[in-house]
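As structure tokens, one chain now follows by itself in the form predicted on its own.
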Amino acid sequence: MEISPLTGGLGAEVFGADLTNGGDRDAIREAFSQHAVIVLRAQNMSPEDHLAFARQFGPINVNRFFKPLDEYPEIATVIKEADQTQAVGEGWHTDHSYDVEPALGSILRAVDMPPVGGDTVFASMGMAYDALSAPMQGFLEGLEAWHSSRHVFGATVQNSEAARSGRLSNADAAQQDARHPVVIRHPLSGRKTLYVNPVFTTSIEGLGQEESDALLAFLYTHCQKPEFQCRVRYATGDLAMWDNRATWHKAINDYHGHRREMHRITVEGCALSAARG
């Protein structure tokens, strides 16, 4: 098995992994902790293999809003048909930040890929935090932010193409609100990491709305710097896994006229602790 970093600070590709080999599994777990985004090339898993791999990292979260794979309710489908124009997940976000105990990570299997395009871009929130000035770091460490599912998956977005096509549903279940530290101590690495994102974060606790909006806008612009990013290009059979507490990600919608099908499993996480001092 070979592990090759994607960039100087985020992501790694894994070649020749044998998931029945205990040594390879341990090395993959270590690579996940170190790189936050890993891509296991040419795995060609079945749904059962996908589920077995995910369960090594923790209990599976059954997604409330994505259409599940037939006969596998724990596997969410992420599909864009050739005649559709909107991809799910085009905005920078962190999966399940609206939950009181946010997801550990997501594991995405490439089932049907367009001839070119359909990549995912990731950004390191640890690198983004490290690049802030010391006074800004100190200020942020005392803050908490609200996250919600209501404005993303609720009734107000049911006229979207994704909802009309059945890719997203169950709007009545979009009732999640959670408050998390703006800077967390990462549960695996212990690294200080920013934990806000443009899609699900709604406000900073204790600040006026204009103050909150201005601070979040600054952080969002800062976190999107290219030096914090890596880009994953898939082939059918690849498996990508990312740490939701350490990264943002977004889908690149550049394959109009072609079909893309991915199967995603989300692994349960834990409550997040503030990083102070």
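Heads up: residue numbers just count along the shown sequence, starting at 1. Everything numeric in this text was worked out from a predicted model, so none of it was measured.
Here the subject shifts to the form predicted together with succinic acid, a form of this protein not shown in this document.
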item: Full three-residue contact with succinic acid in the model of the complex, heavy atom 4.5 Å, for 108, 260 and 264; value: yes
item: Touches succinic acid in the model of the complex: residue 165 (any heavy atom, 4.5 Å); value: no
item: Contact of residue 78 with succinic acid in the model of the complex (heavy atom, 4.5 Å); value: yes
item: Contact of residue 242 with succinic acid in the model of the complex (heavy atom, 4.5 Å); value: yes
item: Residue 215 within 4.5 Å of succinic acid in the model of the complex, heavy atoms; value: no
item: Residue among 89, 198, 187, 154 with a heavy atom within 4.5 Å of succinic acid in the model of the complex; value: 89
item: Listed residue (169, 137, 203, 120) with a non-hydrogen atom within 4.5 angstroms of succinic acid in the model of the complex; value: 120
item: Segment that reaches succinic acid in the model of the complex - one of 145 to 153, 172 to 180, 124 to 132, 92 to 100, heavy atoms within 4.5 Å; value: 92 to 100
item: Residues of stretch 243 to 260 in contact with succinic acid in the model of the complex (4.5 Å, non-hydrogen atom); value: 249, 251, 260
